[in-house]
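Okay, so we've got the same protein chain twice, two forms, each given alone as C-alpha cells, structure 1 and structure 2.
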Structure 1
C-alpha cells in the first residue's frame, strides 16, 4: 500500500516538471516574439553560435570546465544548507592569486611548473576567501548571503585596483585587463581550439570527487544532516561548525581553481570581471539540479552552450541581445522552483 502514495507523488512531480518546462518554453517564445524576432531563427543562431565551428565548441568546453567546478563546489555548500553567494568573490580571488604567482615566477621557472604553482595558488586564494565567509557565518553569526555579497564587492574592488593600478598594462590601463602572459604560461589546448585538456580533467575530477563524497561517504551524509537541521546534528554529535566550515573550504577550493582556469586557460590575463558571472550561474545550475551532483553535468553543459551561443546573437539578429542566455537560464530555474513548489503543495494537500 505504501507504494501507491509514493507512486502518485512521483507522478505529480513528473507532471509538474513537464508542466514547468512547457510553461518556461511558452514564456521564452513569447519574449522572443515580443522583441520582434522569430523563435526558430533565434534557436538556429544559438545552436550555430555554440557549435557552428570547432572554435566555438572549444569555447563551450572552456566555459563548461569553469562552470562545472563552481557548481561542484556549490553542491557542498547547498547541501550544508548554505546560500554561498560569495562564490563569485572566491573565483575572483583565485584568479588574483593565480595572476600574482604567474607574475612572480612565470619568467623564472619552466612553464608547466609555474602553471602548476599558479593553480595551487588559485585554490589557496579561493579557500581563503571561502573561509572568511565561513568564519563570519560560524563565529560571527553573519548571514553567509550578505557576508558573501560584501566579500564579492571587495574581491572585485581588488581586481579592479590591480588591473588599473599596480598591474596595469605598460602605457595605458584598460578594462581589457593586464598585459597577457607569454604563451609558455598558457595551458595546452585540444588542437587549434581554446579548450584545454587540463581544464577538462580538473573539472571532471572535481565533479567525480563531489559525487563520490556526497553519495558514498559518511562525511556527505553528515553534511546533509547539518544542512537539514544544524541543532539536531550538534545534539547527535555531528559538529555543525566544523561541517559548515568544511563546506565553505571545499567550495572555495573549487571556485579558486575555476578562477585559476579563467586566467591560465581562458583569458591569459587578469580582467576586472574575471569571474564572468559563472559563480552566480553555478548557483542556478545547482538549484536546477535540486542540489544533486549527478544532474550538474548536463545542466552545466546546456548553460555553457547558451552562454557561448548567445554571444554573437546581436551580430546575427539585430533585435536580440546576448542577455537572452541569462533570461533562458533564469526562466528555466524559476519554472523548476515553482513546479516543485506546486507539486509539493498538491501532494501535501491530497495526502
Structure 2
C-alpha cells in the first residue's frame, strides 16, 4: 500500500514540471507574437539555421561536444550540493595549458603526439583550477559561487594578458587571438565541417563515464549524500571534504578537456573569450536536467542547435534578434526550477 502514495507523489511531481514547461512555452509564444512575428516562422528559421547545411550541422555538433563535457562535469558538483560557477575559468585555464604545450612542443613532435599531450595538459589545467576553488570552499569556507566567479576573472585576465602580451601575434596584438597553429596541430573533422570525431568521442565517453559513476557506484551515492546533508554524511563516515574536492576535480578535468578542444578543434589558437560562454550554458543544461546525467545529452543538443540556429534569426526575420535564444533558455530553466520547487513544496506539505 505504501507504493500507492509514492506513485501518486511522483505523478504530482511530473504534473508540476510538465505544467511549468507548458506555461513557459505559452509565454515564449506570447513574446514572439508581441514583437509581431509568427511562432512557426521563428521555429522554421531556428531549424533552418541549425540544420540547413552540413556546415551548420557541424557547428551544432562542435558546440555540443564542448557543452556536453562542461555539463557532464557539472553533474558531479551539482549532486555534491555545489554551484560551480567557476567552470568558465576551468575551461579557460585548460585552453591556456593546451596552448602552452603546443607552443612548446608543437613543432618538435609529430602532430598526433603533440595534440595528445596538449589534451592531457588541458585536463591538468582544468583540474588544478577546479581544486583551487575546492580548497577555497573546503578549507577557506569561501562560497563556491564567489570563489568561482573570482577565479573566472583571474583566468580570463590571464588569457587576455597572454594574447596581448607574451603570445601576441607577430607585430600586432589582436582580439582574434594568438597566431593560429599549423594544420598538423588541428584535429581532423567530419568532411569539410567543423565537427571533430575526437571531440565527439571524448564528449560521449565523458558523459557515459558520468552516468556510470553517478548511477552505478558507491562514490555517486556518497556524493549525493554529501550534497543532501554534509554533516549527516560525516557522522555516517562519509568524508564530505574529500567528496567535495573530488567533485571539483572531476568537473575541472572535463572543463579542461573542453577548453583544449576549443584550441585544437575549433579556434586553433587561444582567444580572450575561448570558453564562449559554454560553461555557463552547461549550468543551465544541468539545472534543466534536474542534475541527472541521463537527460544531459538531449537538452545539450537542443541548446546547441538553439545557439547555432539563432544566428540566422536577424537575417531572416527583421524584428527578431539572435538574443531570443538566451530568452528561450532562461525561461525554460526558470520553468523547470519552478516546477521542481512546486513539487518539493507539495511533497513537504504532504509529509
Partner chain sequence: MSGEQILVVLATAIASATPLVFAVIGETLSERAGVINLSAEGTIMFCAMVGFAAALASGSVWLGFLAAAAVGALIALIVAFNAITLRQSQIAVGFVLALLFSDLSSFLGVPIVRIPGPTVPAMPLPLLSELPIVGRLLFSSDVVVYASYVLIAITWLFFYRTRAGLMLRAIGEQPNAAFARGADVIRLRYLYTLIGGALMGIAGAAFSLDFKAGWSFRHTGGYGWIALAIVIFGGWNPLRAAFGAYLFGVLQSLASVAQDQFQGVPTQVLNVAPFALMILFLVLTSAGWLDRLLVRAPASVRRRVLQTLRTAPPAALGKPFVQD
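Positions refer to the first chain, counted from 1. Superpose the two forms; the largest set of C-alphas matching within 1.5 Å is the rigid core. The structure displayed is predicted, hence computed values, not measured ones.
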{"property": "Form predicted together with its partner chain, given as structure number", "result": "1"}
{"property": "Shift in Å of the C-alpha at residue 41 between the two structures after core superposition", "result": "2.6"}
